[in-house]
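First comes one chain, alone, set out as structure tokens in the form predicted alone.
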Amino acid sequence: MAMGLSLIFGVLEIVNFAHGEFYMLGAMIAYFLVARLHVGYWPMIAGVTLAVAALGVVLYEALLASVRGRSFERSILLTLGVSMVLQNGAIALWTTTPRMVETEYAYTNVTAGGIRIPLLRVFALALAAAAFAALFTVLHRTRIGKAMRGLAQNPDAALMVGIDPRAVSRLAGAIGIGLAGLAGAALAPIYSVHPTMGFAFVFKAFAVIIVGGLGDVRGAAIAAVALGVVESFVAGFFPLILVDAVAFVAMILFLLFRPAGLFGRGVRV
């Protein structure tokens, strides 16, 4: 989720406060596919990712294209409005009742070193690693990825060498929002699904990309893993109420001592 948010900021220069709602939509679509249509786990993952990525294309063409490259204030207000519409629309359609997504792997565990781990959590970790590897490969080994990096670093120079800013931005938006949908689908069988579930996650994702470096996908991935390890440590030895504070304490410290983030590269993918 943080990698997608970082990609959108790096390429589109838009702060997407609606990112958490696309994570929520991914989880809701996963619930519908599994509970109502009885779709298996892996087809559900693929279907949700593609569906939310398609919504990302619609969002870009309908709204984000008009604010790309303009003031941060306009993009923040726009995406906050989209977030409220999606969240309240989901509440009107599905109510706030939490739902559980039960797949064929719901009660399957794996044992490693005497520790029993739910298989769905292993799958979520594997999907996150695969998503990072695929995104990193696209950005650094393909022409479209190099076009995204060029557009992020110097939009005017990218236009002069024949890069279509609208097409590249549209694809970046679809990939970034599709990653939020992937996160929602991967975590839907682990956590309860409800219309307000994206609210807390989006602010934690913002903390991650600030710590990792705005627009730096590698920084987002490394900061997210580090944050997860630290939160697990805090949850094991301290009251659970302190867990959510960890991300924001880290964000504050980085803003104080290293404003550009872990890699210090600013807006860059």
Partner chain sequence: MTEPRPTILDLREVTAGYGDEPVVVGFSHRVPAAAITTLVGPNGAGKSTLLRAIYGLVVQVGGRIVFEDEELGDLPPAARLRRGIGFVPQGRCNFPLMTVCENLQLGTYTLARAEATRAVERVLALFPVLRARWRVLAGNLSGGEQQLLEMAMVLETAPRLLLLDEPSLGLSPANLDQVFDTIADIRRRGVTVVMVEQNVEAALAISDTAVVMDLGRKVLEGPAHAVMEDPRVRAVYLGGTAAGESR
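Residue numbers count along the first chain shown, from 1. Remember, predicted model here, so these are calculated numbers, not experimental data.
In what follows, reference is made to the form predicted together with the partner chain, a form of this protein that is not presented.
In summary, the region of this chain contacting the partner chain in the predicted complex, judged by heavy atoms within 4.5 Å and restricted to 181 to 189, 110 to 118, 78 to 86, 141 to 149, corresponds to 141 to 149. For the chain shown alone, Leu127 is not a contact residue for the partner chain in the predicted complex, no non-hydrogen atom being within 4.5 angstroms.
At the 4.5 Å threshold, heavy atoms of Ala92 stay clear of the partner chain in the predicted complex, well away from it.
The partner chain in the predicted complex comes within 4.5 Å of no heavy atom belonging to Ala134. Proximity of Gln153 to the partner chain in the predicted complex: non-hydrogen atoms within 4.5 Å are present.
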